[in-house]
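As a starting point, one isolated chain is supplied in structure tokens, in the form predicted alone.
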């Protein structure tokens, strides 16, 4: 494996870094914490114009037809600015869900507007509750409630699982906003100011064309969880890398006892540990993205990457707060944005225990 970037990939990285660090300042991220979609319309339009919303979509759908590595590069730069908004839900997990589970007609109907940024997709993967699906004429009747629904109040298309009432199989549906019997609940107040909430289906009637992957969708859902976990690991490491940069800069400027705190051995040890945490976790995160791009079994690679990212991102923020002192906890300082993001990311797409157990199970331990 050669994890060196190609010239094209370096251009993607450099362009993403320049745009995001100019546009998504700390002030912008704080402002977007109360925004309905987490992203100003003009910024979302620019992202779409850059082609990011269709990065992994096929050319016939208006996409760039690039792979997981290119997507990971953009995601890492988004993590480096704690970028808010629906990009991860829609352009990463949403597009992947339709590519993996949709037939040609469904892909042609849903992927182009997502790829051009005109439609936001939400995929429900982590709900503790379930929806039941019963046949109703040529379509389906869906009843139940889902929680932990991303982009709950702003999504135009909900991709959600449901249990078939007779067979017990898990099915996957793509349901447009505005469907009768479908109601989005209030957005929850979460530590990272993301847009999670509840979605209620009170006998919602949907046509047969809303059913993705007519067979049991468990395999598709499993793959989507791997995609989400693998790319979330990359995003978290992007944030941890930026926290390391911020801490090095701060330690070089902040003075105590007449000299920069970066000259103290204790601070140097903390920064060295942060660098080790970021480096090791980044390697595993890109290995997971590479494995996802290749296809086949990526479970171990993703599990190790997410486990390492969960530990590294939070530990880096802890050490950064020790170096920054009280200023890092204030709302006006950007460090708290990354700490919030790391804590939320640690719980997304599988926590450390879940991934550790999964990896150990494959080893027979």
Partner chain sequence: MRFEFSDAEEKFRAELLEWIRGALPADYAGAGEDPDADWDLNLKLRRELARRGWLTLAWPREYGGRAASHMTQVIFNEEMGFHRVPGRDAFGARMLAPTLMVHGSEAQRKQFLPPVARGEVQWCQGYSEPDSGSDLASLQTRAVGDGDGFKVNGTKIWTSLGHRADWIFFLARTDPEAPKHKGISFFLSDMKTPGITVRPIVNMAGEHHFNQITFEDVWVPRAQLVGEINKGWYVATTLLDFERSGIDYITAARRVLRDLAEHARMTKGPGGPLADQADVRARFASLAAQAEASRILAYEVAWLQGQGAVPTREASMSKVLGTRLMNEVTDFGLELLGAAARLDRGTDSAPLRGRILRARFDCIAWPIFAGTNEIQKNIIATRGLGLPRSY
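Numbering follows the first chain given and starts at 1. Everything numeric here is computed off the predicted structure, so don't read it as measured data.
One more form of this protein should be noted, the form predicted together with the partner chain, which is absent from this view; the next part is about it.
Is residue 340 a contact residue for the partner chain in the model of the complex, using a 4.5 Å heavy atom cut-off? Close contact exists here: in the model of the complex, residue 340 approaches the partner chain to within 4.5 Å, heavy atoms only.
Can you work out whether residue 194 and the partner chain are in contact in the model of the complex, taking contact to mean some heavy atom pair no more than 4.5 Å apart? Yes, residue 194 lies within 4.5 Å of the partner chain in the model of the complex.
With the cut-off set at 4.5 Å between non-hydrogen atoms, does residue 332 touch the partner chain in the model of the complex? Answer yes; at least one heavy atom of residue 332 falls within 4.5 Å of the partner chain in the model of the complex.
So in the model of the complex, does any heavy atom of residue 275 sit within 4.5 Å of the partner chain? So residue 275 counts as contacting the partner chain.
The single option of 139, 260, 203, 113 touching the partner chain in the model of the complex, heavy atom within 4.5 Å: Looking at 139, 260, 203, 113 one by one, just 260 meets the 4.5 Å heavy-atom criterion.
Location of the partner chain contact in the model of the complex, chosen stretch of 92 to 100, 247 to 255, 130 to 138, 158 to 166 [non-hydrogen atom, 4.5 Å]: In the other structure, the partner sits against 247 to 255.
Complete contact of 126, 268 and 353 with the partner chain in the model of the complex (any heavy atom, 4.5 Å): Looking in the model of the complex, the three residues 126, 268 and 353 all sit within 4.5 Å of the partner chain (heavy atoms).
Would you mind checking 288 to 324 for residues with a heavy atom within 4.5 Å of the partner chain in the model of the complex? 290, 294, 304, 307, 308, 311, 314, 318, 321, 322 sit within 4.5 Å of the partner.
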